[in-house]
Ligand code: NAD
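As structure tokens, one chain now follows by itself in the form predicted alone.
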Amino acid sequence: MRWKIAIVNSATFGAYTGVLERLSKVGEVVRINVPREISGEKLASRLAGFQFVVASTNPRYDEKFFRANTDVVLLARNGIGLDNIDVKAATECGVVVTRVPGEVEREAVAELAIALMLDAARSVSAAYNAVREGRWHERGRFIGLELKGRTVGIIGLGNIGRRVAEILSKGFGARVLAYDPYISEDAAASIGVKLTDLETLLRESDIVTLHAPLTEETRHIINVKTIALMKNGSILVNTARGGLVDTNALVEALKAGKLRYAALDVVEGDYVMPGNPLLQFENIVVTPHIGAYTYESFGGIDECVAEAIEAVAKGEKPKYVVNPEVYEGRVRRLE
């Protein structure tokens, strides 16, 4: 029997590799676009008849979806984040969830974080916009900062955060602080990083860059109170998750001149529409969640997803299972 594979809201999956031809040997591959806001029974209906779902950052796969859709056996996230997947509900319903391991996107996201940091430190985007608008004579406004000798605070010293720390300390000669309650001081010191508490990091850093997962503990970790602790004229970089930053607090900080610059690849709500209050400022750059958008990263992502689908199709346990406990219960099988 040929199974059905849905690629949901992802134009990039399979666009730069031969993975679609590879998966066509497993089953019928269909690209499906649904509204970002759809969930529950409506989403379950749209994906009825599909045994495999390749899931992007949206829509949300909630408890109602898993209970209403009895066809899906594998939800393969083509990325790292699981914010839009109710993993507990998937486990209770016997659905296997996989994701891409962090090392696949590590270099791509780390390098974009550094790129945004440099853009902010040197006002690259703002200066370019001035040139486009015939304001070359205003170049004196764009006096920048050098990373060498500056203090950069990293919130979240996981896979990507560690790589950013290595680039900053070894490549730029920056002083690197980190806040991560799950990392030991020895582990941080091994890559030239000083582990500290959040308040100290915010008070001492010229640049704060976010690399933490979005959890109830970390949601809005950058808020009115924590921004107040930051240095006047400091820079905020976020390539992790939009929900780590309280957008309203950030807007007010930019209005007040508290921050020199904000450089974001992710925002609350996952996307920015015209009229968003963040777009009123010259001292901000926002990219459309392109952290993992490199040919190398996409190749690794496609490989991991294909391996997961092929394994489940053969009745095997795939790599990078998020909810291994599902195998202790009644895991859904292909029928």
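In case it trips you up, residue 1 is the first one in the sequence shown, and so on. No experiment lies behind these values; they were computed from the predicted model shown.
The following text describes the form predicted in complex with ligand NAD, which does not appear among the structures shown.
> Residues in which of 246-254, 89-97, 152-160, 123-131 have heavy atoms within 4.5 Å of ligand NAD in the predicted bound form?
Correct option: 152-160.
> When the contact criterion is heavy atoms within 4.5 Å, does residue 218 count as touching ligand NAD in the predicted bound form?
Residue 218 belongs to the contact set for ligand NAD.
> Decide whether residue 291 counts as a contact residue for ligand NAD in the predicted bound form under a heavy atom distance cut-off of 4.5 Å.
Residue-level check for residue 291: yes, a contact with ligand NAD.
> Taking ligand NAD as it sits in the predicted bound form, is residue 168 near enough to touch it, meaning that at least one heavy atom pair lies within 4.5 angstroms?
Result no; residue 168 lies far from ligand NAD in the predicted bound form.
> How about residue 266: is it within 4.5 Å of ligand NAD in the predicted bound form, going by heavy atoms?
Residue 266: contacts ligand NAD in the predicted bound form.
> Within 4.5 Å, heavy atoms only, which of 208, 176, 75, 109 is in contact with ligand NAD in the predicted bound form?
Answer to the contact question: 109.
> So ligand NAD isn't shown here. In the predicted bound form, which residue out of 80, 235, 145, 202 has a non-hydrogen atom within 4.5 Å of it?
None of the other options qualify; the answer is 80.
> Look at the candidate spot formed by 183, 213 and 241 and say whether ligand NAD comes within 4.5 Å of a heavy atom in all three of them in the predicted bound form.
Verified in the predicted bound form; spot residues all in contact, yes.
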